[in-house]
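Form predicted alone, single chain, as structure tokens, below.
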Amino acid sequence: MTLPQTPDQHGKGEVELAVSLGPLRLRHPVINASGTFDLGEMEAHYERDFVADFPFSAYVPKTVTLEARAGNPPPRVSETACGMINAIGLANPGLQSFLNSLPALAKLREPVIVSVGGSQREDYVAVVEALEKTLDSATKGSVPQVAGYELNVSCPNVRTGCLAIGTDPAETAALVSAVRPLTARLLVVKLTPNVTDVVVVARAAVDAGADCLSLVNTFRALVVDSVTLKPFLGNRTGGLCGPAIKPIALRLVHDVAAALPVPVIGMGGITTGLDALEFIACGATAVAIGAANFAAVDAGERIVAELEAELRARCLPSVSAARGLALPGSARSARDA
């Protein structure tokens, strides 16, 4: 299919940016990747009300674990060519602190997708059970709209737990099967690229009850200190993200979207609206912005504006019209049926 490339051929008319992740309707397809846009930290460092003026169509907080985690020893971040490597190690204050923070998010107009992590299956179950109990008993307007959960089974920076689950299709299926009965909210599984065949793990998650898949998390990587010639990061290895991983992430999103009839949230090196459009063409329903948030606080809103301009330039009336254009024809027909 040949698409027109001149922007002035579609200068008039609205471009429909709204998308649906199952029952969840988003005003546009750009969300933040977990751990890359913390509302509390943003409001503490910038003179802007991010709760009232949130740039993304859904908020994914940093991963919540049952107990507080200090994370990995420093140093934990290093720049690299076309990206960065981080070894944060799921540092977070734990479930109870997150529950205590929910009223502060009550005025957020966008839905919240809670990222959940753990060292074992029971940890994920405990976090979701506690959140469901809190949300079901909360009075209207006292907590944000929690639309779903993202099961993080893909962090490469912890020695036990989520990555061990996410690289094993049977363990992934067992986790989803344990969490699925606990909630009617959207259930997303965040996949790791650090496997031989991501489609096998993706299929296991969907067969066990996942509504949506997000991919990819970071790639396990290592950076060497140029002076000592020893591993630079305190954890020795970390997760590579940023533009360097985009072509591989596109291929993995393409493969999963072509194989399975569920919404996909694509991520991995998105820094422009064109990057976002390429992920959508590879079958993503929504996209998540990660490393770009560390470079510019307005990355989200800029990428949304650029995406709209890219769609208009190609005479595409909506995000849905672009979705799957890079997929094999038969796969796209099956998804859109």
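One rule holds for the numbers: they count along the sequence shown, beginning at 1. If you're wondering where the values come from, they're calculated on a predicted model, not measured in any experiment.
Just so you know, the form predicted in complex with a small molecule exists too; it's not on screen, but the next bit is about it.
Q: Go through L307, A291, A58, A286 and name the one with a heavy atom inside 4.5 Å of the small molecule in the predicted complex.
A: Only one listed residue qualifies here, and that residue is A291.
Q: Identify which of A173, M84, L182, A147 has a heavy atom within 4.5 Å of the small molecule in the predicted complex; exactly one of them does.
A: That would be M84.
Q) Wondering, does V189 line up within 4.5 Å of the small molecule in the predicted complex on heavy atoms? A) V189: no contact with the small molecule in the predicted complex.
Q: Examine A259 and determine whether its closest non-hydrogen atom to the small molecule in the predicted complex is within 4.5 angstroms.
A: Looking in the predicted complex, residue contacts with the small molecule do not include A259, since no heavy atom lies within 4.5 Å.
(Q) Under a 4.5 Å heavy atom criterion, is P29 part of the interface with the small molecule in the predicted complex? (A) Heavy-atom contact with the small molecule at 4.5 Å: absent for P29.
(Q) Is I88 part of the interface with the small molecule in the predicted complex - any heavy atom within 4.5 Å? (A) Although the small molecule is absent here, I88 would touch it in the predicted complex, with heavy atoms inside 4.5 Å.
Q. Which among 49 to 57, 31 to 39, 298 to 306, 66 to 74 is in contact with the small molecule in the predicted complex, heavy atoms within 4.5 angstroms?
A. Of the stretches listed, the one contacting the partner is 31 to 39.
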